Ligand code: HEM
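Have a look below at one chain only, the form predicted on its own, in structure tokens format.
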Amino acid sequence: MGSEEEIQLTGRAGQRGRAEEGCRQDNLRAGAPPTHTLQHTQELQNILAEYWGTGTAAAFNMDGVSTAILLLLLAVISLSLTFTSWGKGQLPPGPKPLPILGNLLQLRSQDLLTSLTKLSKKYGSVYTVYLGPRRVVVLSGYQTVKEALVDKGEEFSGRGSYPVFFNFTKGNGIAFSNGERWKVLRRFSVQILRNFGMGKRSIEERILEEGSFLLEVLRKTEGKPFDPVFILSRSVSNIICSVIFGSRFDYDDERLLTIIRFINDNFQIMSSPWGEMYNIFPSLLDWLPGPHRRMFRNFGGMKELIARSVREHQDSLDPDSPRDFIDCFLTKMAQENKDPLSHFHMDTLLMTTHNLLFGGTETVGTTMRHAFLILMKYPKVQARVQEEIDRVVGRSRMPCLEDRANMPYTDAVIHEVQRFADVIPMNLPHQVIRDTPFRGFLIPKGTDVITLLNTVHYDSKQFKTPQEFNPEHFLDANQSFKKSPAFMPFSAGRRLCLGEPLARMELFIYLTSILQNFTLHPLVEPEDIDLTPLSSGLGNLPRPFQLCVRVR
């Protein structure tokens, strides 16, 4: 038993507690928020202040009629804040996300590439960001990206979510599949492409033949201004078309022109804010009008075009004498048609063919356009390449792949074009296939990973003057060509682009053949040429331009 004073104090405390509880119940009945809700409200205000400034956050004060309206929203936010903290393991740090929106408001003022690059300066080379509700780990800088894609290549070998493609592929095809299906398709595709000359003399002969057709088209311009997009795309696309379909197309063939229109248009949309927004909120944009709808119509048109060619192949297929990639795939389908675990089906053929066409057309064509702009902006570089071509090859024959070893400056220029242009700056997304310890963190299985290749190609520790176009980045003190481990235009590791050998051959033969015969002239002064890309989403697209080619 306590003293009378203690009993009085206890009684008063109990009365005060009952009074406070009664007041709290009255407040709840009147619509006032409970204490824990007020705490989440303050947390929301802090987040909003970080994103929008204190003025906007102040608008969310819990006084007046707005209290009742915001209660439900606050409850949802409270739950969402709780959910987003679950199952994170030891994720890297990053900006605090808002429910549903994620970090969208922090990414709103620039394109996604610029925003993610800036965040890497604040949070380091490994950080977590939320693209809408989707959690993504972002890697930047050569050492970090190399450690993930090369040193831990198996763990980071999954293909991450990319809704603009998934809407079409449904996770099928060589580029966007995962697991055993991806491994089987990649092994098969690499073998078939090698059988049809990938990296060999036979494919070089096709490139030389296509290059001669391209030179003839350029001669017909007679020094007048022209837009190079379609001229280059038709020629580049014909190389991969010959491997897939068995023959090249005439330049006025409607099928070839349709393929190029679909691919060029989709690459532009994917690289625009519409493409970025669809990747963040696909379910929402599926209900809204916009250019993304044209993109899916283009995908459908490509699928039908490919399907028509497949039907033609089926009608004339000789399993003992395959003519091209489609024949080989159809033969494999027939061999495994009774295997319930087979990965060779018609839709897989259509998606894989589309993946090969897209990758084999747009990236090389875009790189060529970047090269044209750069060579016109730096005429001394163009002249030095031409001097090396004249000295090593002469004018009596076309350059061939064997010449590359004797043309270090030209090789360095082509590599520097690819580094500087940085055509696929964010790479295609990867995904960790198991819980993965990485640089002191634990990335949970299934987490999407963005590797910022722009921070690799512009890493000041790897390149002396990364913001400048400088062929010396790929030349040693003796002016011999030198490789750089930070050269990753085709990605790296298990998901390295399987068309790399073909693309490298095309770039060398096309550029040297063109500069052997022509000099590129801009329609403006070289110093007025703008090399900053038009858009930076999936791809860094050069700004539209025209040029003249004059016979040397």
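From 1 onward, residues are counted along the sequence shown. Note that the structure is predicted; figures quoted are calculated from it, not measured.
The protein also exists as the form predicted together with protoporphyrin IX containing FE; that form is not presented, and the subsequent description refers to it.
Student: Quick check on this chain: which one of Ser235, Ser271, Asn427, Thr447 has a heavy atom within 4.5 Å of protoporphyrin IX containing FE in the predicted bound form?
Tutor: Contact residue from the list: Asn427.
Student: Note which of Val145, Leu98, Val136, Ile240 lies within 4.5 Å of protoporphyrin IX containing FE in the predicted bound form, where distance is taken over heavy atoms; exactly one does.
Tutor: Going through each option in turn, the one that passes is Ile240.
Student: Can you pick the stretch from 329-337, 204-212, 168-176, 302-310 whose heavy atoms fall within 4.5 Å of protoporphyrin IX containing FE in the predicted bound form?
Tutor: Single hit among the candidates: 168-176.
Student: Check Leu356, Thr363 and Leu498: does every one of them have a heavy atom within 4.5 Å of protoporphyrin IX containing FE in the predicted bound form?
Tutor: The answer is yes; Leu356, Thr363 and Leu498 each reach protoporphyrin IX containing FE.
Student: Taking the shortest heavy atom distance, is Ala486 within 4.5 Å of protoporphyrin IX containing FE in the predicted bound form?
Tutor: Ala486 lies outside the contact set for protoporphyrin IX containing FE.
Student: Does at least one non-hydrogen atom of Trp182 fall within 4.5 angstroms of protoporphyrin IX containing FE in the predicted bound form?
Tutor: The answer is yes: Trp182 has a heavy atom within 4.5 Å of protoporphyrin IX containing FE.
Student: Would you check, heavy atoms only and a 4.5 Å threshold, whether Arg384 touches protoporphyrin IX containing FE in the predicted bound form?
Tutor: Judged by the heavy-atom cut-off of 4.5 Å, Arg384 is well away from protoporphyrin IX containing FE in the predicted bound form.
Student: Is Arg159 close enough to touch protoporphyrin IX containing FE in the predicted bound form, meaning at least one heavy atom pair within 4.5 Å?
Tutor: So Arg159 counts as contacting protoporphyrin IX containing FE.
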